[in-house]
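The data below hold one chain only, encoded as structure tokens and taken in the form predicted alone.
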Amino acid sequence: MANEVQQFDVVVIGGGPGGYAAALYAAAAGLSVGLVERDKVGGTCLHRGCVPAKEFLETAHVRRTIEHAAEFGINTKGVSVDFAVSQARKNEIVDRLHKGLSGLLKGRKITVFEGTARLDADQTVNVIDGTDAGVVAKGTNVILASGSVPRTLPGFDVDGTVVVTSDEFLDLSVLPATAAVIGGGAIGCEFASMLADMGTEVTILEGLPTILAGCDAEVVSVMQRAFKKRGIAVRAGVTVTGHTPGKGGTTIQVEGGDDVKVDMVVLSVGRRARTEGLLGEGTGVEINERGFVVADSYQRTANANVFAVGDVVANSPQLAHVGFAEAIVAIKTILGEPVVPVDYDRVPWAIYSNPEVAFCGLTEAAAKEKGYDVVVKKDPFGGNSRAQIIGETDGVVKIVAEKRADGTAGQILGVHMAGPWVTEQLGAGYFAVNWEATAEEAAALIQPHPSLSETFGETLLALAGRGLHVG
């Protein structure tokens, strides 16, 4: 069918979370959909990001659990890890999810083209290479969801052995004895945590004054203490200038500081939009100076019939679940249905390090910068019965609320957590923030006992004025 123009209601460029969500949601609404993907549907998240990383983090969790089994009266004779087995297990999970997603797309009669797409004038999409090279798909509307790729640093050429990005790291079958993670953001902290739990000696090198910049200060403090206790060296506020490869590793030069000799360098310095070659002439779509697609709150670009979702969008937080939400906003806008745009200040964040981190809404500092008077309450996990039972008591729940004129807590502005399984506990906090609940309203909801979520409930009670265990 090459060179024959195929007409669709919606053509989606990119089959990652934002792209496949847009395709599935549009098809569910009865629209005809074409989707162009250059690699495999599922994108970075499924194949080289979220899912593979969490499988390895779970392997690290299992190893950590076994190492502490004696505390529960279970005797084990040493722990060894065959990381190649974990790699194989990861591949099995990814393959199974990929087949499931492919089946969903087929079941909803979405036409999937294999190759690299270029958007040209009049919502015409040309497939320029790959299995379906030559295909021309024209959409009444087009959604750009071409995703992102890892950034690199000057002087750190990626060789897949000594210097790696997340792409290469997640294909390793053997872990290094020592490693430096350059970048102390969410992904960098996940990699550092996993490596440390698997027995690697880890150093984090971060250019900003602190790791996890953008997280609430209380959460950062918990993470720094936990990392220090586990032997993860954190050097923040430093500039790396290059590295000198040697036999079996390399030495990283740090401006004004001691060199760091390691077996492997893991680059975790953010991601850039994949927009090279994405647009032809006359599309009417704007690309900003950083290479991202400019879109409004309804995901519409400067061309009213072209939308953008996911990592390729300027100012998007580059989270898979935000791509899902943006996709729904775009399709509802195309359908002319009522829609609430994504509020980036209130999206849920989940970091799967040890301890885990989860948050949504404003930090205490951000709320004050926006002019709010605030009331803050926090409760450590140390007193939580379930946390003591599972043997994971490092952590805190902190809730930020607007201060009323009488000094009491009003609307909840932010919920910030660090500790055991907080990524699975954030749901209640997310609802509270996004439904603009007050402290009293949220505190009236009952938390099960004994549960980790009781710490969130206890913090709410204290915020409302009468905590059971927290003043």
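Predicted model, so just to flag it, every value in this text is computed and none were measured. Residue numbers run from 1 along the displayed sequence.
One more form of this protein exists, namely the form predicted together with flavin-adenine dinucleotide; it is left out here, but the text below deals with it.
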- Task: Check whether residue 143 has any heavy atom within 4.5 Å of a heavy atom of flavin-adenine dinucleotide in the predicted bound form, and answer yes or no.
- Result: no
- Task: May I ask you to check whether residue 185 falls inside a 4.5 Å heavy atom distance of flavin-adenine dinucleotide in the predicted bound form?
- Result: no
- Is residue 39 close to flavin-adenine dinucleotide in the predicted bound form, meaning a heavy atom pair under 4.5 Å apart or at it? yes
- Task: With heavy atoms only and a cut-off of 4.5 Å, decide whether residue 227 touches flavin-adenine dinucleotide in the predicted bound form.
- Result: no
- Of these, 386, 378, 332, 271, which has a heavy atom no more than 4.5 Å from flavin-adenine dinucleotide in the predicted bound form? 271
- Task: Just give me the single entry in 86, 166, 123, 111 that has a non-hydrogen atom within 4.5 angstroms of flavin-adenine dinucleotide in the predicted bound form.
- Result: 166
- Out of the stretches listed (41-49, 25-33, 436-444, 414-422), which one is close to flavin-adenine dinucleotide in the predicted bound form, meaning heavy atoms within 4.5 Å? 41-49
- Task: May I ask you to list the residues of 339-364 that have any heavy atom within 4.5 angstroms of flavin-adenine dinucleotide in the predicted bound form, in sequence order?
- Result: 352
